[in-house]
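One chain is shown next in structure tokens, namely the form predicted alone.
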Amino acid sequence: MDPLTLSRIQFAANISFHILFPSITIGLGWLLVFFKLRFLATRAPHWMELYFFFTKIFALSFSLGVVSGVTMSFQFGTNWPGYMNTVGNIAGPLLAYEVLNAFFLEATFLGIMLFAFRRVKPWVHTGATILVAFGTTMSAFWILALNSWMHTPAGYTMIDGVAHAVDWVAIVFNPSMPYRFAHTLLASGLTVAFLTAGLLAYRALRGDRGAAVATGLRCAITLGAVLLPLQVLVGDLHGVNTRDYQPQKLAAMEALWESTHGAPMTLFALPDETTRTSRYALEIPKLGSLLITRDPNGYVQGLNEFPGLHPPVAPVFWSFRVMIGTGLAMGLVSWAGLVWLWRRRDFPRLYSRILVAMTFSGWVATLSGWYVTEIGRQPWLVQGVLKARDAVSAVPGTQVATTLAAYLLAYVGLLAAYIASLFYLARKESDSSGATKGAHP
């Protein structure tokens, strides 16, 4: 059992599970702020009904995010000691900033937000909600500053094989940081839009016709319809940044083997690293160069320019297409819902069922996009500075395999319990709402 491969799989499993929950809390925190401000402006009780219902979702997501984040951080020492030995002077402070500047802010005011609605003045409770939302965003900021630095390192110098900071502004605001940060925030907003729409559609299918459900659905669908075009724009700018700093990743995303002028955009193919060809390729001529270089005859570097220094092609190629495909589906569903809102008051049951089926579509897009980013960096842990094989620990593969199996079992159980809990809360809320109104869902 290869310790490097197993350690990579183990870290991938941990980060895949962990990222699910910040992808909800980042966007949901600001949605709660919106609900609270709308209540203060209108005094309509359905805004607080939405606030209290989704506060439960936030608290559950936050708790699982904390637990999985702590577990993940231990792996820097157990599986990847070479990482902290080499770049710990930069990674350590950025992780500390996240804890001190952001996580403590969330944890401190979360208690007020959850339990003190009737115990403090309204402005204090509203302020606590805003600070919790701000804290989640700042957590994302510091974590993405470190992650982006690993892709486009700047502001450092190497002394005896160890990275030392020389310019913290350049480190934090490295070349890919603005694009990655904006892309992640928009992804969280889209994830929350469809999570919100799915849970409220589930309540509607159970007979809950209250104002909270109708209003929440309108907000969620509008949010998805507005954020999707912005995400496409930011994703395009991020792609240009990747062209400039990680061309081998971009080539893997398109399974482009040979450097060429007028590169096509590949819709479908079966990349084969053995023959270094893409079988059954379905391509649109010159569109790749147009999107990447803004010139249909622009020059695009291929994978063969990076022998031994490019990522595994198939995982990056397919993850990118899953992300794009899921995003297109989210766009079509949200825009169709927006058109329906203009024409009718209630959604048809079929549309509500589609929303329920797409409750976690944001997770699919987020994970696949994350795989493009992280697998696309291989074989580097820090681009041009540290390779994965040089950072892995000497722990025997059997031990890594044992802990990996334990993690996977725990995560499957926790994820199943989490999803069941969300729909249980939605079902309980719809039942109580129906009982209050004399309905029989």
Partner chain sequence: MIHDLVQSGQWLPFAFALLIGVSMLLYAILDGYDLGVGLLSRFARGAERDRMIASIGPFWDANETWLVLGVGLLLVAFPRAHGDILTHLYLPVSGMILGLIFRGVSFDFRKKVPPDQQPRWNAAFFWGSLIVTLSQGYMVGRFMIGFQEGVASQLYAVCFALLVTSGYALMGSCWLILKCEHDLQRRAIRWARIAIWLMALGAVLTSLTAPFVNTRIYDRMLAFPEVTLLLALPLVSVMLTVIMHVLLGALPLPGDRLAWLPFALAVMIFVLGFVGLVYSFYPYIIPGRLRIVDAASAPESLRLILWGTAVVMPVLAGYTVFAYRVFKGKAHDLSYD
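Residue numbers count along the first chain shown, from 1. Predicted model, so just to flag it, every value in this text is computed and none were measured.
There is another form of this protein, the form predicted in complex with its partner chain, and it is not shown here; the text below is about that form.
Contact check for Ser63: a non-hydrogen atom falls within 4.5 Å of its partner chain in the model of the complex. Its partner chain is not drawn, but in the model of the complex it has a heavy atom within 4.5 Å of Leu425. Using a 4.5 Å cutoff between non-hydrogen atoms, Arg118 counts as a contact of its partner chain in the model of the complex. None of the heavy atoms of Leu40 is located within 4.5 Å of its partner chain in the model of the complex. Met84 is the sole member of Val226, Ala336, Met84, Ala154 with a non-hydrogen atom lying within 4.5 angstroms of its partner chain in the model of the complex. Distance criterion of 4.5 Å from any heavy atom to its partner chain in the model of the complex singles out Thr108 from the list Thr275, Asn297, Thr108, Asn304.
Stretch 85-93 is the answer when you ask which of 85-93, 312-320, 242-250, 175-183 has residues with heavy atoms within 4.5 Å of its partner chain in the model of the complex.
Three-residue candidate spot Trp30, Pro45 and Thr366; no residue lies within 4.5 angstroms of its partner chain in the model of the complex by any non-hydrogen atom. Contact annotation for 400-426: residues with any non-hydrogen atom within 4.5 angstroms of its partner chain in the model of the complex are Val400, Thr403, Ala406, Tyr407, Ala410, Tyr411, Leu414, Ala417, Tyr418, Ser421, Tyr424, Leu425, listed in sequence order.
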